[in-house]
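One chain is shown next in structure tokens, namely the form predicted on its own.
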Amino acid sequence: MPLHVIDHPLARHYMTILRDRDTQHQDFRVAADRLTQFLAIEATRGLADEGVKIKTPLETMEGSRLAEKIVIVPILRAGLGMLQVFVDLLPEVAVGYVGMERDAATAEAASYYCKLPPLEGRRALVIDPMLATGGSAEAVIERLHQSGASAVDMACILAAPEGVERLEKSFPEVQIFTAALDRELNAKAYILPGLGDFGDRLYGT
């Protein structure tokens, strides 16, 4: 199943805080961080690990450590709001950046910035709070594949069925991790019921 929706009462609690139009940006940031922690745990569940011998204060034992190199790729600018949580959990992770801008008339996205680390043989995880039409995510995933990523997955706080369907059609192997799947997009390609403009609310602009 390429779509994974977090089913947890705490996730629903923090999602409600994000959706509430009366939530101030400082509380919005806290709720976004908490939800991103859930997403980071779920999105990294399938990472390969390997056995390693360690000594506890009492005896020697077999532990495990991550054996897979991963690259986190936030879509600018809103994706930056999710990045720190992933870096905190995966301090050795490499980070790439792709800036995408949506045309107000067509709702299609175009890239205005791209800076990627070496991707050959690495798993990439695209992070963006909102998966709406899927245009930005589709373009970024295609670029990561072209750059040699061994696998690409997507983590978003909120998703629309239209965006999920687009990615599943273009990249059926891509795993999508989200905290909520909403009803639909409106005529302006905003998610309903949604939470408004994530970047504006996160940064208080």
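Since this is a predicted model, take the numbers as computed values, not measurements. Residues carry their position along the shown sequence, with the first being 1.
The same protein also has a form predicted together with uracil (URA), omitted here; what follows describes it.
Undergrad: Just one of Ile17, Ala11, Leu181, Ala189 has a heavy atom within 4.5 Å of uracil (URA) in the predicted bound form. Which one?
TA: It is Ala189 that has a heavy atom within 4.5 Å of the partner.
Undergrad: Considering Val85, Leu119, Ile72, Met130, which brings a non-hydrogen atom within 4.5 Å of uracil (URA) in the predicted bound form?
TA: By the 4.5 Å criterion, the partner-contacting residue is Met130.
Undergrad: Does Arg102 make contact with uracil (URA) in the predicted bound form, using a 4.5 Å heavy atom cut-off?
TA: Contact with uracil (URA), yes.
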